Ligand SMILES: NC(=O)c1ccc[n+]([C@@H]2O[C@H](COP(=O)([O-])OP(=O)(O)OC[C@H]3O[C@@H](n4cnc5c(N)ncnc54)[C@H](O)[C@@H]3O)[C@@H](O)[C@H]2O)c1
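Shown here is one chain on its own, the form predicted alone, set out as structure tokens.
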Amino acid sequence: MKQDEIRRVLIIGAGTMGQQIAWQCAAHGCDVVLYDVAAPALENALRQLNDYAAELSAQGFLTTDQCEAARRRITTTTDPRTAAQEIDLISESVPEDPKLKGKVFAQFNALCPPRTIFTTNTSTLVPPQFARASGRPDRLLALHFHPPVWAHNIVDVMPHKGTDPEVTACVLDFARRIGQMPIHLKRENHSYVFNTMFSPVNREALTLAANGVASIEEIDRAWMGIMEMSIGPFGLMDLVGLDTVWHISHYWARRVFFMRQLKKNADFLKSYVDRGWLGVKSGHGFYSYPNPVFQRPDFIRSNQ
């Protein structure tokens, strides 16, 4: 398969990343099926897609006509058989659990055409953890996006040892076709490129807050002031989604047994998730949205 033959894309998982990947593919001419097991998740996704259309049109990323055309290319379903019909490429964004990912891929391996390429948007796992379970390890690799996909348009492309090189080449070309700048990893690496650098910052920021060393605002203020950044670690975690950050933290806390601090950090995050404070997408996380205090001109200089 060549990249220009990828015309129909299936997005598995209608959370923030699934929504954004769906929009990016549709905006670049693909027919997109957005699948989730939960109908309410799809209903929420449709509302969010309309918000993306309004936002991107207002910001000049796309014209109103382009947004309307992209929106028409996206359909939703909770039926896996309907979702799998004539699909050329899958992008999977389900929670960070290799058994779950393997189970989902195995289900769609039985339903999709033999040509279908399987890609995973996992943030910290690597394809060999579920390649065999997928049923088509030679057509499986990581295609990892960064939110917001249309602005932070760097995407990690990471095959594993069993991935067909022609499939990797096809996905690299496809990434460019949908407006992304692919980073081709030459070897497997948990967390890929940017997240490998960013994850320790997240972890240490959470450690400082969970241990009561400084407030969330002060930790972000330190990072933003010294690094001359417009957003800090906690603002970025809000952007990613605190449920996603918690899933990642919880997964590794259960596996790195000598790091009690990881569990403490995961529990700290869980206190926000349990309240429904998931970040930007829920209107409240570490900050309140749409106008978080860290965007104030005087945030770095203020200690109030």
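Just so it is clear, the model here is predicted, and its values are computed rather than measured. Start at 1 and count along the sequence shown; that's the residue number.
Here the subject shifts to the form predicted in complex with the named molecule, a form of this protein not shown in this document.
With the named molecule left out of view, the stretch that reaches within 4.5 Å of it through heavy atoms in the model of the complex is, among 269-277, 64-72, 47-55, 28-36, 28-36. Between the named molecule and the residues 201, 193, 214, 100, the one pair within 4.5 Å by heavy atoms in the model of the complex involves 100. Only one of the listed residues (134, 180, 122, 91) places a non-hydrogen atom within 4.5 angstroms of the named molecule in the model of the complex, and that residue is 122. The closest non-hydrogen atom of residue 10 lies beyond 4.5 Å of the named molecule in the model of the complex. Although the partner is absent here, residue 174 sits far enough away that none of its heavy atoms falls within 4.5 Å of the named molecule in the model of the complex.
Among residues of the shown chain, residue 24 is not one whose heavy atoms approach the named molecule to within 4.5 Å in the model of the complex. The named molecule is not shown here, but in the model of the complex it comes within 4.5 Å of a heavy atom of residue 104.
Residues 16, 17, 18, 35 of 16-35 are found to place at least one heavy atom within 4.5 Å of the named molecule in the model of the complex.
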